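Before any questions on how it binds or moves, here is one chain, the form predicted on its own, in structure tokens.
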């Protein structure tokens, strides 16, 4: 079974069509990268995959269940970062990760351990008790990534996750993606950083003007 299956997805904003019969799948243990110019439809596709918008055509399945019918347990197996990091500015880093774990269904007795492991994975320990409002943009991005990872999801949907990250942060994200894929996690990742895509992706789909126009070999010269 595919972790994520998108078929014939179509959507428009007013008179502007932004997705045209898009087909895309992500299997367990696979990092599937989505690349394309600004305005190509990447973010709209990811919002549709997460139920943030209701597309006018096609359907999205997560673990074989249509997104519209996915219950809280199903969403508890999904982690995402879309547009801006999920961060409460008035909470500390530790509190943000604890809250994200609880919101994704982690028991209160285990949420603190999940938060501590995630801080270690993303090297956020020095800022554990700092309010998010005082963090640099790069560290807020790390907290947002931590919020997507803290509940140990089986499907990750990440839109431009390297935004604002310094080279050390990019390396940590790469390590997390590869380690989680090796453990069977499925990941759909959009990025403008093609060199980084080549390091982590198993498949690369190219989207242009709302249509998947082809695939690239992540280890080939075309990418």
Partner chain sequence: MRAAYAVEALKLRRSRVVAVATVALLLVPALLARAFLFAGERGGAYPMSAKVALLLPGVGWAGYLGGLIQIYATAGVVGCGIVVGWCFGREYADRTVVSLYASATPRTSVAWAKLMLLAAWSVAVGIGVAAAAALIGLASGLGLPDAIDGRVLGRLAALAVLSGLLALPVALPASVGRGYLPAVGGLMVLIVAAQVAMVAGAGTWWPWSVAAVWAMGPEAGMESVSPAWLTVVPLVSSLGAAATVAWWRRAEVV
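Residue numbers count along the first chain shown, from 1. This one's a predicted model, so the numbers in the text were calculated from it and none came from an experiment.
Keep in mind the form predicted together with the partner chain is missing from the figure; the text below concerns it.
Engineer: Heavy atoms, 4.5 Å, the partner chain in the predicted complex: which of 31 to 39, 180 to 188, 160 to 168, 50 to 58 makes the cut? Say which one.
Structural biologist: Heavy atoms within 4.5 Å of the partner chain in the predicted complex occur in 50 to 58.
Engineer: Is there a heavy atom of residue 105 lying 4.5 Å or less from a heavy atom of the partner chain in the predicted complex?
Structural biologist: Within the cut-off, so yes.
Engineer: Give a yes/no on whether residue 76 approaches the partner chain to within 4.5 Å in the predicted complex, heavy atoms considered.
Structural biologist: Result yes; residue 76 sits at the interface with the partner chain in the predicted complex.
Engineer: For residue 129, is any heavy atom within 4.5 Å of the partner chain in the predicted complex, or not?
Structural biologist: Outside the cut-off, so no.
Engineer: Using a 4.5 angstroms cut-off on non-hydrogen atoms, would residue 137 count as touching the partner chain in the predicted complex?
Structural biologist: No.
Engineer: Is every one of 80, 83 and 91 within 4.5 Å of the partner chain in the predicted complex, counting heavy atoms?
Structural biologist: Yes.
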